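Only one chain comes next, encoded as structure tokens, the form predicted alone.
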């Protein structure tokens, strides 16, 4: 269960590499027991952040608190945390059991107690106990992931950090392990801090997601809020396919855009009179309209492409102003919208939109 109290807290954390500033005065609170995921493009500062949190790098300025203790100057081996790397860093010449027991051996735990703990962790990670004597080189990719997790848990850390541990796996195995990681988090009650490029991973597993950009956090919230109510164009576009319309407001209530026909009486979140913003609508909330339908917003366009995406169909439509829109439907709701190149009418309702005021 996630506590309301923070287990880890950053105050004004700065990290510089020479003249380059990788982190710009970052503030952050991670709650005890939560699954917290940091997502961002390459170069946004994700890996720098996690290296500071586990003690692999030193902060340039600021403080890192573990509960009521400052730890930014504490060596990594003295922190009650553990890291699961993308490379896993398992010892190929050792057995599964020896890999799991390695941190306990460093702590000079007795051999019998080490083995008992290793077998408990094999049970927890749902690996057969006879894997104890199996060589790492004989394990599959998914089994190696589980062994790496077991070894990390052998430390009995308060916080587990993950640096893109699933990125090298094939799609099917990755989806399986996403669910297993979420389940493991619930069963152990540990605090997980996870770094990934994958929005799907973040949305499947996380209690909260932090979107990182150029060394600072752009938005921190639960997945539904970030997806449905992003605070900026960057977050909106980073969180998947999106349609954005530049809008203005003459009267503070009705939004106008060159390619949109607005139904009389339609109101949105307010912009100041004469203000500008972005009206966001996700592809699944746009529909192909017939003559008898009257959505809040209508857009004329030309059907450019149709793509089959498994259970979904994605369409590209070019508006009269040249903007390319994306529309998605479930396969069973496939649009009878005509041939590629034909004219279509699209529509969506104000209740399905989100206004981004800071553009």
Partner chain sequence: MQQLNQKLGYLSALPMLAVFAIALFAPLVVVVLFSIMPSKVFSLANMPDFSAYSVFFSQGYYKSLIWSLGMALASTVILLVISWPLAYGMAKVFRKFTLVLTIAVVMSLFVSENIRLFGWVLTLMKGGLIEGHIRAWTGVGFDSPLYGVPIIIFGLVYVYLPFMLFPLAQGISMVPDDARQAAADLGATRWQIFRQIDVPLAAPGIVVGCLLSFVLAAGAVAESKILGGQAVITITDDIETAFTFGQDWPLGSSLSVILIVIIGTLALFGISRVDLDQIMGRKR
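A quick note: this is a predicted structure, and the numbers were derived from the prediction, not measured. Residue numbers count along the first chain shown, from 1.
If you look for the form predicted in complex with its partner chain, you will not find it shown, but the lines that follow are about it.
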property: Residue 82, heavy atom within 4.5 angstroms of its partner chain in the predicted bound form; result: yes
property: Close approach of residue 87 to its partner chain in the predicted bound form, 4.5 Å, heavy atom; result: yes
property: Its partner chain contact at residue 171 in the predicted bound form, heavy atom, 4.5 Å; result: no
property: Residue contact check: residue 92 to its partner chain in the predicted bound form, 4.5 Å heavy atom; result: yes
property: In the predicted bound form, segment of 103-111, 198-206, 236-244, 213-221 with a heavy atom within 4.5 Å of its partner chain; result: 103-111
property: Sequence-ordered residues of 47-70 touching its partner chain in the predicted bound form, heavy atom within 4.5 Å; result: 51, 54, 56
